[in-house]
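Below, in structure tokens: the form predicted on its own, a single chain.
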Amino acid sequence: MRPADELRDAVDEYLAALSFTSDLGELTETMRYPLEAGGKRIRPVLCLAVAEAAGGSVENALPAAAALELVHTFSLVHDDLPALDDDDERRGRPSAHVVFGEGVALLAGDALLAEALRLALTYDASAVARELVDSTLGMIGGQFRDITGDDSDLASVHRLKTGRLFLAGVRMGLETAGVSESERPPWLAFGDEVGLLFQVVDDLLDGDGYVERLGVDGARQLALECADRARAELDRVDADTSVLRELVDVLIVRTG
């Protein structure tokens, strides 16, 4: 099993070498700007780690993992726009709309989504692309509920807005590895818990969401419970899941 850092490097190298369609012209500069800002690449690393643990290859899963990161990046570019979160900074530097203008940033986000779909469609079977579409729609639905204040069921909102891309990473990794549907339940339950864990950790760092509902101690307890449930699901899998356990441990450390 390749360690998480090596998987992240593989994602970065793949994204750096990615060719966008020539029809986009100079818009590709705006598209690469947020991709080159780095980040933890947790979603694509999750996809690759699941694929390898399930008996597949990192190389075969890389297009799916990269597509997932393109969707995540598209969502960040749009989230930063004044019409949504109105954030002028992302990952320590000006947001795309600050550098290139709102209209160009909007188009760059659209193009990142389309390029993600193009990548997902490089597989012979359609399952990877279908999962990417379904998870993107779920993410958008969660974002809609968030910005319209429909958040009485916070867990449901976050399972859509944040959790769907994490679950997609697991599903797409399993798909590239050829894992049968009957073997997937513990993997998918793990993906659900990791998505929720990531959101709770973010809320602890930002002081909102679950922290406002449960308090700091309550949110920390929820994070610990999510991590425990995630590890328990991995215990049900007959595979080397050491890298996936490492990802859970890294997320938990961030709550301190």
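Predicted model, so just to flag it, every value in this text is computed and none were measured. Residue numbers here begin at 1 and follow the sequence given.
The form predicted in complex with a further copy of the same chain is left out here; the points below concern that form.
Enquirer: Give a yes or no on whether every one of 189, 210 and 229 sits within 4.5 angstroms of a further copy of the same chain in the predicted complex by heavy atom.
Expert: No residue of the spot touches a further copy of the same chain in the predicted complex.
Enquirer: Though a further copy of the same chain is not shown, can you say which of 94, 185, 141, 178 has a heavy atom within 4.5 Å of it in the predicted complex?
Expert: That would be 141.
Enquirer: Heavy atoms, 4.5 Å, a further copy of the same chain in the predicted complex: which of 61-69, 190-198, 24-32, 221-229 makes the cut? Say which one.
Expert: Going through the listed ranges, the match is 24-32.
Enquirer: Looking at the partner-bound form in the predicted complex, is residue 87 within 4.5 Å of a further copy of the same chain by any heavy atom?
Expert: No, residue 87 is distant from the partner.
Enquirer: So in the predicted complex, does any heavy atom of residue 148 sit within 4.5 Å of a further copy of the same chain?
Expert: Close contact exists here: in the predicted complex, residue 148 approaches a further copy of the same chain to within 4.5 Å, heavy atoms only.
Enquirer: Please check if residue 161 has a heavy atom lying within 4.5 Å of any heavy atom of a further copy of the same chain in the predicted complex.
Expert: Heavy-atom contact with a further copy of the same chain at 4.5 Å: absent for residue 161.
Enquirer: For residue 126, is any heavy atom within 4.5 Å of a further copy of the same chain in the predicted complex, or not?
Expert: Residue 126: contacts a further copy of the same chain in the predicted complex.
Enquirer: Need the contact residues for 72-91: heavy atom within 4.5 Å of a further copy of the same chain in the predicted complex, sequence order, or none if there are none.
Expert: Counting only heavy atoms within 4.5 Å of a further copy of the same chain in the predicted complex, the contacting residues of 72-91 are 74, 78, 81, 83, 84.
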